[in-house]
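Before any questions on binding or motion, here is one chain by itself as C-alpha cells, the form predicted alone.
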C-alpha cells in the first residue's frame, strides 16, 4: 500500500450532511449542495458511463483523487439500506453498476456475503473493525492506494487511530446550520495535521492535508 487517503465535501460550518437525515434523504436538508461541484465534471461522468463534462481545476483534483486507487472503504451509512440486519434486496444507492469498479469494503455490525455487481465492483462486508477492513483493503489493492469514503463516524475512527495518510477536504461555501459534523469524536488533541496545498475551483476550495505519523 502506498497511501490510505480520505476525501469528503464539507460546508463552511463543518458539516458533511445536513440536518434531518432519512433513508429517503440520506444527505439531510441541503446536503446535496455539498456535491454539486462534482456532477458536471468530465472525470465524474466517466465513472458513471457518461461522455462530455467540464475540465479545469475541479476536474483535475477529482481525477487525481481516484488515480491509481486499488480499493475502497466506506461505512454502513454510506452504503445505505438503513440500520439493523441487511435487507437482501438492498444493493447500495448506485444501481446495478456502481461507479467504483474495484473492491469496496463496507464496515458494518451485521454479516453479509460479498455482493458482486456489474462493472467490476464487489462489496465486502467487514464486521471486525476498522483495522481488519484496512488490512483486507490493502491486500485487495495490490500495492495501489486505498480511498476512504464516508461517513463521518468511520472517518473519525480512522483519524483517531492515526491510520490515514492524506485527507482532502472540499470546502463548499454554504452554511448548513446542523447535521453531521466531520471533525468530532477524535479524542485528545487529535492527530497532527500538516497542510499540503489549497486549490480554488468553481464553487469549492480543495484543501489537502498530510496526517503526521506518531512514533
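Numbering follows the first chain given and starts at 1. These figures come from a predicted structure and were not determined experimentally.
The discussion below concerns the form predicted in complex with another copy of the chain, not included here.
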Under a 4.5 angstroms heavy atom criterion, identify the one residue in 38, 65, 163, 186 near another copy of the chain in the model of the complex. 186
Which one of 152, 148, 167, 34 is close to another copy of the chain in the model of the complex, taking close to mean a heavy atom within 4.5 Å? 167
Please identify, from 168-176, 65-73, 38-46, 51-59, the stretch that has a heavy atom within 4.5 Å of another copy of the chain in the model of the complex. 168-176
Would residue 209 show up as a contact with another copy of the chain in the model of the complex if we use heavy atoms at 4.5 Å? yes
Even though another copy of the chain is not shown here, does residue 10 get within 4.5 Å of it in the model of the complex, heavy atoms only? yes
